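Before any questions on binding or motion, here is one chain by itself as structure tokens, the form predicted alone.
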């Protein structure tokens, strides 16, 4: 530092005109250093913007937001959303007679469009059954809506395939005791016995167990019961290796995995700006249910996060055959558990750190 000051003094005495140039050079050099330090942050912000743009573009493209013409999946989601509103209204302690008139009108209109374009499938029939339950409730309370009954009857007559007829829809009467009896299991030990497994046997997991677990996970709550989640199962060694190569959390055990699952959530089921993040909630809840279902069947699982940038997301879609309308939630590695193994302890935070009582 002392040498630097002496050098400046010497330059100032010998070359007075050089002093402003030196100061100017110093200022420019310091500015350049600041810019170079800022560059990594600028690059990161730019990449983040592009990735948010990728999510934004896909939500706008595939959701029902401001659409004038709906795909089959979108229209089915709108129908499900409205018939479930009727079910929720009927499930209240004291439903208001004639509630949800606008919902009923919109549901009938969408059902008519659905029938004309695609024909009535199970979703349409459940909606009709819900409407009929609504009609009966109002009739039993002194309001007889003949026009609604006629519309329901006309749509029901369009059902051709008797194998597709369902009795589901509306409300179901249950007792507290029946719920308590079915729920009487020791969940504390069940939760605490589930670990992320990174050591599997060579025994193949029968696909019937995967089907059983997915069926169990279908009971997961979803926004307005729209059930937007899907599961892709990979069983062949080459296919498993390929999809796992895009995920960097399976090193050291990915080759032992019997089945690789990819959980997705279809954006076509969402209808508003407020639902822009709903896929991660519905898909995440479904994935957790699926993991616990597999655990209940004696299988080991390891959650493999899907925290990637858009280029890798696009590449996996191509390789795995995942539709562009679907958001990839996560992968799950599945296999049989060996007799003895090591697991990460993964201690949990103290309850006081995460529980806020108001």
Ligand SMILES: Cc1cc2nc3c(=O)[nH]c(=O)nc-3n(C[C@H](O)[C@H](O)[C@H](O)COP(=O)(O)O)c2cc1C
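Numbering follows the first chain given and starts at 1. Note that the coordinates shown come from a computational prediction; the quantities given were computed from them, not determined experimentally.
Beyond the structure shown, there is the form predicted in complex with this ligand, which is absent from this document and is the topic of what follows.
- The candidate spot formed by 72, 114 and 155 lies out of contact with this ligand in the model of the complex, as no residue has a heavy atom within 4.5 Å of it.
- By the criterion of a heavy atom within 4.5 Å, residue 253 is counted among the residues contacting this ligand in the model of the complex.
- In the model of the complex, this ligand lies within 4.5 Å of some heavy atom of residue 196.
- In the model of the complex, no heavy atom of residue 138 sits within 4.5 Å of this ligand.
- Taking the partner from elsewhere, residue 340 is found to have every heavy atom lying beyond 4.5 Å of this ligand in the model of the complex.
- Per the 4.5 Å heavy atom criterion, this ligand in the model of the complex is contacted by stretch 188 to 196, the sole one of 104 to 112, 231 to 239, 212 to 220, 188 to 196.
- Think of it this way: in the model of the complex, this ligand has a heavy atom of just one of 247, 123, 129, 258 within 4.5 Å, and the residue is 247.
- When this ligand is considered in the model of the complex, only one residue from 57, 51, 305, 296 comes within 4.5 Å through any heavy atom, namely 305.
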